[in-house]
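Read the single chain below, which is given as structure tokens and is the form predicted on its own.
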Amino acid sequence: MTASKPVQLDVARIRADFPIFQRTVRDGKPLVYLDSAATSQKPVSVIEALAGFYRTSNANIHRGIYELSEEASIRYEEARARVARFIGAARSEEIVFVRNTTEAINMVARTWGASRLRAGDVVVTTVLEHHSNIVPWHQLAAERGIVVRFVDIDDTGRLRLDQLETFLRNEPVKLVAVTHVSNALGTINPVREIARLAHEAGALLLIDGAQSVPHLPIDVRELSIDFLAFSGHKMLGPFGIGVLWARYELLSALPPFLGGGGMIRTVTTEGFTPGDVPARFEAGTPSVADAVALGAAVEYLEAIGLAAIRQHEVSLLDYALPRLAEIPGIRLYGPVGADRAGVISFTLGDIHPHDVAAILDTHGVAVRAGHHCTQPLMRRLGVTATTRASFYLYNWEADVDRLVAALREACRVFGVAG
């Protein structure tokens, strides 16, 4: 019995759901948005969920004994439950709302790390990581004397799992902290295999899912991970809302992250007792409207289907990579194969990536240029920066054509020859 293919996306219909694609840029040019790895655009349903909450349901949650507050509380917790189902969590209480992936990883470092790690303990991360999955561990190393080890990549941009195995075999590794999908190369790391290796060595596994949760079907139990961090704004949701997921038994054993209102059971002049999970990690007034809008984003993605989104991005990669490879002076970074997401980083001759991006902008093509918050990776690649194009469900082949044409114009302007 053969598996059914994901339904092909109706990109024209999808784009009609996104108001931003109705506008023009740079003297009337249609917008080509190729920066979804930085932030995604928002469909009408998400925009309306955010605005609608403020129009009809705006109240603080959990403590108001009146209809508006009760309604806001219900909508907030419904969003939590929807996100839990979206990633295969066992229960909604395993979802902690935070501002973004960075805050989620810092929460793990400042709760689990600060309470469990001792001098000499090892945290293993990789050269592929966003700074958000490096700096918190460096901070703990400076404060507590833990050791941070880095797994290298090979020349294709894939992780050296043999190095990870060596660290796990020979050192007191307590945590492996790794990105699921590289924001700079698009490398999809083998999370199930990494989880097996980490757990066999008695270590926990934290996954930075900022670039995977919006693009790939995710089931945290099937992946056998311990912590997952991701951001709402990269998955059609608003800025200011993100998620930390962890197994309930892990969360319930951790101390609070911040202190204040909402995270307590009792407070006296002598001390306090923290509340239950997840309240103990959501001190103060949360981003209620943003959580509601994130729930709407999840609903939109579920209606499209993550398998279909993944297949669409693979098709765009298959269309884009050979055409980009024909451009004079271009160097493409990252693996070629099934373990690559819809991210393409490149350099173009001796042109600075910022200048490349500036030329593309004159053609209405929006890309990212810089080190992408991955300076260790840039050093490993021997560059200071790259230009990056990244795809999502609303991109189509016409966007690739515009990108290629603009890059050829950049070659002409800067005199890059094949």
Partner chain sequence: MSDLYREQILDHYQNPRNYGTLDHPDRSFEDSNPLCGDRIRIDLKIADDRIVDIRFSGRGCAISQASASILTELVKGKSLDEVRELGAQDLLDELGVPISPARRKCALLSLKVLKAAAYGLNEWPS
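Residue numbers count along the first chain shown, from 1. Bear in mind that the values here come from a model prediction, so they are computed numbers and not experimental data.
Not pictured, yet referred to below: the form predicted together with its partner chain.
Chemist: Would Asp17 show up as a contact with its partner chain in the predicted bound form if we use heavy atoms at 4.5 Å?
Modeler: Taking the distances in the predicted bound form, the answer for Asp17 is no, it never comes within 4.5 Å of its partner chain.
Chemist: Please determine whether Val44 contacts its partner chain in the predicted bound form, using a 4.5 Å cut-off between heavy atoms.
Modeler: Judged by the heavy-atom cut-off of 4.5 Å, Val44 is well away from its partner chain in the predicted bound form.
Chemist: Taking its partner chain as it sits in the predicted bound form, is Ala358 in contact with it (heavy atom to heavy atom, 4.5 Å or less)?
Modeler: Close contact exists here: in the predicted bound form, Ala358 approaches its partner chain to within 4.5 Å, heavy atoms only.
Chemist: Taking the shortest heavy atom distance, is His62 within 4.5 Å of its partner chain in the predicted bound form?
Modeler: Contact with its partner chain, no.
Chemist: Which single stretch, out of 66-74, 30-38, 345-353, 48-56, brings residue heavy atoms within 4.5 Å of its partner chain in the predicted bound form?
Modeler: Comparing against its partner chain in the predicted bound form, the contact stretch is 345-353.
Chemist: Would you say all of Asp121, Thr125 and Val147 touch its partner chain in the predicted bound form, counting a heavy atom within 4.5 Å as a touch?
Modeler: The answer is no; none of Asp121, Thr125 and Val147 reaches its partner chain.
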